[in-house]
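Here's a solo chain for you in structure tokens, the form predicted alone.
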């Protein structure tokens, strides 16, 4: 079947012609045929260097032989059991050993589930209902998380509102938001709502915003002083920024952390990990009428195929030189794209670090919070992304660039060459 016919069929059957929020314009739209290493191929026979990586899970690239072998072996033994199985036990041990906060763990299926269960655990453990988040952070798509993540009116602290339709407005009353990197504002809100806040949820690399020195340490102290459960959302950063994730890289240990993407090798798998006393609210042996007992279960919890794939990925990531290589590529892109902006008189900043980057078209001097990102020129960023796709670089327009161990220096060369071409021939001419 032709590429055009497949796109037409997708338009007929999928809502909006796609299977989620990710949708490309007609001139850049594609149907993926297969992936191999750092490359994607579409049904029209075109190839792309993949810098989206399935939104992050494919940190080894596509079809890594160790992952394929592990998954093939597990599938022949069974795909799911809703019972303890060896791959899930081994993966749980690896995550606990690597995570500075690791004492107990629950393996679930999606990142959205993991943060939902972590919040539920914090509420049950503390007996409080509210939680504090940082405006613009992304914590999945559950009703409890979609408040203050994608607001179109930033700065109404600490009030939040639903980030889309179908979410009860009444729930926003229990979700408080302050700006990322603003210690004073967070402290003021916690003091004002003393004894009401169950959890503080932080995306350690908030989209592409780096923490200022001392910010996490201040949040740790604030949470400890007020009996608040500190949750790190390490879905993106876990095993990507360092073997011990953001906790290791930034030197602050939360009470709970949630993981996904890198621990599953491209298969559904996520985890909640942390302090034993907080995690124990998930203990199914607690009496049914115990107010601290929560339900954090699911048909595919401990999915053995995902666990087997995740173990294979972690084996590779644990090899010497992994993180040095990922950061060297990211540092080079940051350095050279920043220089391109100056040379071509295109105001821009490169956010993030190491294997997670994002180009923002902005006259701001630094990216410090959601307001910094909100003020950036989204139209230019979208055009920039679409033009890269048309040149064979697969990205998500106005979103993060992910790097993998499958990327080579030649891949980075081609990315930088195309970026300069788009900046010079398209973006610089838009004003």
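Positions refer to the first chain, counted from 1. Note that the structure is a prediction, hence the values are computed from the model and not measured.
Although not depicted, the form predicted in complex with a small molecule is the subject of the following passage.
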Task: Partner-contacting position among 88, 181, 110, 247 - heavy atom within 4.5 Å of the small molecule in the predicted complex - done: 110
TODO: Sort through 177, 235, 197, 263 and report the residue having a heavy atom within 4.5 Å of the small molecule in the predicted complex.
DONE: 235
Open item on the list: Only one of these stretches, 138-146, 300-308, 88-96, 276-284, has heavy atoms within 4.5 Å of the small molecule in the predicted complex; which one is it?
Closed with: 138-146
Task: Partner proximity in the predicted complex: residue 207 to the small molecule, non-hydrogen atom cutoff 4.5 Å - done: yes
